[in-house]
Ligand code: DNO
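The chain below stands alone, shown as structure tokens; this is the form predicted on its own.
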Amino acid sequence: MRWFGPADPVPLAHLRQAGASAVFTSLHDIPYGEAWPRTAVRERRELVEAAGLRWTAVESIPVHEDLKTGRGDLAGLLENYASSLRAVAAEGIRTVVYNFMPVLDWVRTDMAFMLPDGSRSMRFDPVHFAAFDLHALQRPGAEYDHPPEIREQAAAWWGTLDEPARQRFIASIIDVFPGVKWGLTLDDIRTMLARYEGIGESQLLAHLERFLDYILPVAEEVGVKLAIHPDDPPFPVLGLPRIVSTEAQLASILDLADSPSHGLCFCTGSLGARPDNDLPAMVARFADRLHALHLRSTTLEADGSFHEAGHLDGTTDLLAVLLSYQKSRTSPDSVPWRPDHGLVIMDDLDKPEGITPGYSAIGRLKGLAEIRGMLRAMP
């Protein structure tokens, strides 16, 4: 299970009771770009182990924005990242998830989308996102990224919101990343976007290659496997480049380095939000380069929206993905996996202030049980 540290409203004891044996966690209190002290890693590991669990994957050691834009003190940031890898390896943690998404790690437009059975989910609506881009952020050139009918619907929807509703909506997009609260403003987002001026997919891929050229030798030396997480959603937003969204892009990233430490975190929810991604085929192709698995399902809607679904529901066929993985993987190394996201159901519906978006207790317990059932029943 994912755990966000001592401030997580879901305690370690509940994760263990749910059937989890290990956690993916991070040191969210350390600012992006700073080196992780080994003592802090040790304290977190000991806390996890005292609860009867193991810390099997770091999620994540964040990549500073300067490394993505290629601006700033790159040498210092790279060395800090390398130092963090050495610290987690010294404490016996061998998998590190990271991402190379510009500005916003993931985007949803509704954090409490009501499903027909009364449970709550997260949803991405292209009309609502266009309203944010065009009317809240007022990004120059945004009109060229949204079709005319979407722009018209976005203007109409934006006009139905009063000022408090607009502010709540803006905050739900720019400052909801689990485990971290930056207190970002629209001006902060505009400043961050400006740093990507002139940076397209090829430049961002080159910056990733520079990052890997420095970090992979360290990862190999200390025995750590790096797993890059896909873009979420897996298509361009805010005019920013996306390089971890399709099968071809994943192949290009793996081609950057033939290293046992260089691989993927295969997130079925992120990649499944794109209808042209054939997840079982992608798993078959990359099986031996998958270093971590995030298992969840999304439902794709006819208008281009998508929402999180139950692990056995939605557009993603998790059983087909797992069977493809089992059939295709030849590496004997075990891979950490977790149920990703979960619906807000049952008693958790009465705890709106105690729920981290996507990481409710009971919804993930249900997902974990369903995945464990599939695994037990597989030949």
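From 1 onward, residues are counted along the sequence shown. Quick caveat: nothing in here was measured; it's all calculated off a predicted structure.
We do not show the form predicted together with this ligand, though everything after this point is about it.
For the candidate set Ser297, Ser245, Asn99, Ser121, a heavy atom within 4.5 Å of this ligand in the predicted bound form is found for exactly one residue, namely Asn99. Contact with this ligand in the predicted bound form, judged by any heavy atom within 4.5 Å, is made by just one of Glu91, Asp125, Asp105, Asp175: Asp105. Interface membership of Ser328, defined by any non-hydrogen atom within 4.5 Å of this ligand in the predicted bound form, is ruled out. In the predicted bound form, at least one heavy atom of Asp340 sits within 4.5 Å of this ligand. When contacts are judged by a 4.5 Å heavy atom cut-off, His229 counts as touching this ligand in the predicted bound form. In the predicted bound form, this ligand sits beyond 4.5 Å of every heavy atom of Asp348. Only one segment in the set 129-137, 183-191, 154-162, 105-113 has any non-hydrogen atom within 4.5 angstroms of this ligand in the predicted bound form, and it is 105-113. No residues of 108-128 lie near this ligand in the predicted bound form, the criterion being any heavy atom within 4.5 Å.
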